[in-house]
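The chain that follows stands alone, in the form predicted alone, written as C-alpha cells.
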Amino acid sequence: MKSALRSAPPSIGPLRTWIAALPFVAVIAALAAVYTSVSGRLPEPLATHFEADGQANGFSSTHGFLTGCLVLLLVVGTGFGLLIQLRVPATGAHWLIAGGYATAAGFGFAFCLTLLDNADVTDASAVRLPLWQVAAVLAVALVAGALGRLLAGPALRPQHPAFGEAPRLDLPAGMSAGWSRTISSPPLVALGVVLLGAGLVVGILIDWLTSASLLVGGAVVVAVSSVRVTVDRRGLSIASTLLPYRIRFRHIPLDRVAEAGSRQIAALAEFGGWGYRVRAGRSGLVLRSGEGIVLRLTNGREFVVTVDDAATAAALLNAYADRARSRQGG
C-alpha cells in the first residue's frame, strides 16, 4: 500500500498575517491621535452610551473609556490573530481578514466619534449621538471590510493530488475485506450528560415540556459522541455505538466515492468545533482533531470523519471503488 494521502489545507503566509493585524494597529494609532487633539477639551466624565433617540444614558471617566477601548481592540485583534495562527484554512482566510478590517474600523470609528462628540461640552449629559453617525459607523465598517477582502488577495483552494494518486489496498479479485474502528469524544459525552441532567432538574422543578429541548439535545449529543466507522463492499458507514447498527448517521455508497485519502484534520480551525459539521463544499463528523478519512465525492463535495488508522480505511475504500467502476465499465 502506498503512503497515505496528506492534503492539508494551504497555510496562511506571513504577509497575510501582517495584513490581518494592520487595521487594529491603525485604529489604535488613530484613537491616540484623536485623543491627543481633544484631550484638553473633554468633560469629566464622558458620555459613552446613548439611547435610541441619541440621548446620553451612560458615562465613564476618560481614563476608563480609553482603557476599555484599548483592551477591547487588543483582545479582538489578538482573537483574529490566533485564528490565523491556528492554521485556519486559506480557503476562508480572506473572509476572516475582511471581518477583522470591518470590526476594527467599526469599533475604532465609533470610539473616535465618541471623543469628538464630547469635545467642548461642559456637561456630558448634554451630548447627543446623531443618527447619521450610526449609519456612518456601519458604512465605514463595510468599506473597511471590502478593503480587507481586497488586500487579502484571491481565495486559495485546497491542493489535492491528481485523481488516482491516493493509496489503494491490494485486494485480489473475488476477495472481500472489512475495516472498522470506534471513535469517541469525551467532551461531547460530558456535554450530553450535562444537558440530560439539566433537563431532568428542569423537568422535576418546573415542568417536563420546558425540559424537553434539553433532554432531546442531550440524547442527540450523547448518541453522536461515540460512533463506529465501517468500510466494506457497500461503502462507508457511520453508526452510533449506543444505538442499533441499522440506525446509521451516514452511509456513503461506493458509487458516490470519487476517491478517498487521509490527512490530519484540525477540528477548531477547519470546522469551527466538534460534532457533525457542515461547511461550504464539505461536511463531516469531527469528534476530535487528528487523523481522519477524507472522501472526495462524485458531486464535488468533500466528506471527512476523524478516526484512527484512516489511511487503511481510505486504501480499502479506493480498492472497492475501483472494483465497482471496473464492473460498470467506468
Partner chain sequence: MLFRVDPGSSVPLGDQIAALVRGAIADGSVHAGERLPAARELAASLGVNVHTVLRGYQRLKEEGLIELRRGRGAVVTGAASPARARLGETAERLIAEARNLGLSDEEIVTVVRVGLAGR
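Numbering follows the first chain given and starts at 1. The structure presented is a predicted model; accordingly, all values stated were derived computationally and were not measured.
One more form of this protein should be noted, the form predicted together with the partner chain, which is absent from this view; the next part is about it.
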The partner chain contact at D232 in the predicted bound form, heavy atom, 4.5 Å | yes
Do F80 and the partner chain come within 4.5 Å of each other in the predicted bound form, heavy atoms counted?
-> no
W179: touches the partner chain in the predicted bound form, heavy atom cutoff 4.5 angstroms = yes
Would T241 count as a contact of the partner chain in the predicted bound form, using a 4.5 angstroms cut-off between non-hydrogen atoms?
-> yes
Honest question, do S37, G40 and A124 all end up within 4.5 Å of the partner chain in the predicted bound form by heavy atom distance?
-> no
With a 4.5 Å heavy atom cut-off to the partner chain in the predicted bound form, the contacting stretch among 250 to 258, 222 to 230, 132 to 140, 72 to 80 is 222 to 230
Of L151, L215, L169, L188, the one that lies within 4.5 Å of the partner chain in the predicted bound form (heavy atoms) | L169
Taking the partner chain in the predicted bound form, which residues of 305 to 321 have any heavy atom within 4.5 Å of it?
-> T312, L316
